[in-house]
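Next up: just one chain, as structure tokens, the form predicted on its own.
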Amino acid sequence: MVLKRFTKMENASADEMVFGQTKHPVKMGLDQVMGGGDVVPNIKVAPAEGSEESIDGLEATSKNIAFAACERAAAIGLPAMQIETEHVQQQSISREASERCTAVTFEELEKLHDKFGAKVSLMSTVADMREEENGLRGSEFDIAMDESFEACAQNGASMLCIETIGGKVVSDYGISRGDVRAILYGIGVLGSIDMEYMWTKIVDIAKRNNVVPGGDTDCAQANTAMFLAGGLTSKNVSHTIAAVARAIAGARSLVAIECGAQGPTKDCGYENPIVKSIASVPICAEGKNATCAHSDLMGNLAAAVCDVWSNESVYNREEMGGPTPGVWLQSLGCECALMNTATQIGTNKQLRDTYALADKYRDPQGVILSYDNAYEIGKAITAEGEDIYLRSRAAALKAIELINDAVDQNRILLTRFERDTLDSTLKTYEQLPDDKDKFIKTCIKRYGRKVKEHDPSQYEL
């Protein structure tokens, strides 16, 4: 397979980006089109505690989740919905568990479609169980993941996704120590290399089974930085470093699309607006309707250019409003109805801008992920599109520039800690070599000693 590296933007301007619309919509599932005009709710519910102890338990909880979601969808008249089955390890390690959980979930979706005409699809996300020190390529877990993808594709999945972990051992070291060189190496270089390995396989499996290869997310790395950065009162990790890590993640997560993935990309990839700006593929996103799973500082902004809107995850249990699959699906469905109505009456761009401005200047991360600035980062990436290192560094430098512009315009304030961190990051990145091989050689020498789990051979380095 030959990769299609992006060296130009699919969107002519940032203003072409809006929720529910892409240049490359994707048909999937039963009568569903993603990125073709409407935003679709995506409900994701974690298996009930204890159900992972047996395949029968996993199958039963999968059926229960799907039934509760579909029952609520019918009750409130949702025209479309997607269920995501995000595997726990016990589902991915067992081909039988993958088969049975996928099949019973799709059966409930098929009933909803046949009885009420709802447009439905199933996103299957296989767990990345690999560990670098035990082998990213050809290990027992790697083989089991391939089999899980096959099982899902053959038993009702509409699309295949994953949250790859390549580079995490190095980026974790960098995030925890403020080492921005390690972050660039871990996310931009190692993460991109590992994604090419994984997505070459996933796209092949999807095509052989006539399902859609969806997309990835830098949950393992950029989300780690975001979560450790925390809220406005948290100081464990610099928010400016988290923003820079996210920009680099945009260059990394693009690799799935370059390998042939079509979208929607994974919901927890907050870098997805950057990917959409470049490739104009459908993206799944999460924000204010995902507070059941975690907090963030971009709950409205994240919706501005989404095509699928997710709750991230929630435990399968009863709430005052009913079972969690139905409760949180209804919340998502209401938000999607607002977006889709805005599209129908011609106020979608006003709503998009309102979403963005609600959070754009709350935090440096919002600054760089607002769709207009995400587009600028996309341009920086495509200008160096053939080189995974240079484009990742370019994304980081553009993010720093955008944050500094917002500070200069008095749109956002930085503490002394954040100011010093951003200035130090800029200095470090400006002094890095322009040659990828030289950068990699230096990093292997540096982090081969400092990060004992890091094995460059797992990246063919």
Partner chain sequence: MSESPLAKYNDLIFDNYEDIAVRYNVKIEGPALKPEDDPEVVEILPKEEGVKRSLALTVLYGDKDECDAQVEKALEAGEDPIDLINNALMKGMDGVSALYTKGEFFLPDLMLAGDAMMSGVAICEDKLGHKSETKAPVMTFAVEGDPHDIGKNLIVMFLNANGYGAIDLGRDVPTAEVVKQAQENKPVLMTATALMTTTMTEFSKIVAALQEAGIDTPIGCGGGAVRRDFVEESPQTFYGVEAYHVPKLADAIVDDGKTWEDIRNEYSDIVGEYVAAYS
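A quick note: this is a predicted structure, and the numbers were derived from the prediction, not measured. Positions refer to the first chain, counted from 1.
The form predicted in complex with its partner chain exists for this protein as well; it is not shown, and the discussion that follows is about that form.
Considering non-hydrogen atoms and a 4.5 Å limit, does its partner chain approach residue 352 in the predicted complex?
Looking in the predicted complex, residue contacts with its partner chain include residue 352, since a heavy atom lies within 4.5 Å.
Is residue 390 near its partner chain? Define near as a heavy atom within 4.5 Å, in the predicted complex.
So residue 390 does not count as contacting its partner chain.
Answer yes if any heavy atom of residue 436 is within 4.5 Å of a heavy atom of its partner chain in the predicted complex; otherwise answer no.
Heavy-atom contact with its partner chain at 4.5 Å: absent for residue 436.
Tell me, yes or no, whether residue 194 is in contact with its partner chain in the predicted complex, where a contact means a heavy atom of each within 4.5 Å.
Answer no; every heavy atom of residue 194 is more than 4.5 Å from its partner chain in the predicted complex.
Taking its partner chain in the predicted complex, would 204, 209 and 428 all count as contacting it (heavy atom within 4.5 Å)?
Judged in the predicted complex, none of 204, 209 and 428 sits within 4.5 Å of its partner chain.
Of 340, 139, 200, 94, which residue is found within 4.5 angstroms of its partner chain in the predicted complex when only non-hydrogen atoms are counted?
Flagged contact: 340.
Considering 28, 68, 400, 394, which brings a non-hydrogen atom within 4.5 Å of its partner chain in the predicted complex?
Selected residue: 68.
Which single stretch, out of 171 to 179, 253 to 261, 272 to 280, 186 to 194, brings residue heavy atoms within 4.5 Å of its partner chain in the predicted complex?
Selected stretch: 171 to 179.
Counting only heavy atoms, which residues in 345 to 366 are within 4.5 Å of its partner chain in the predicted complex?
Residues within 4.5 Å: 345, 347, 350, 352, 353, 356, 357, 358, 359, 360, 361, 362, 363, 364.
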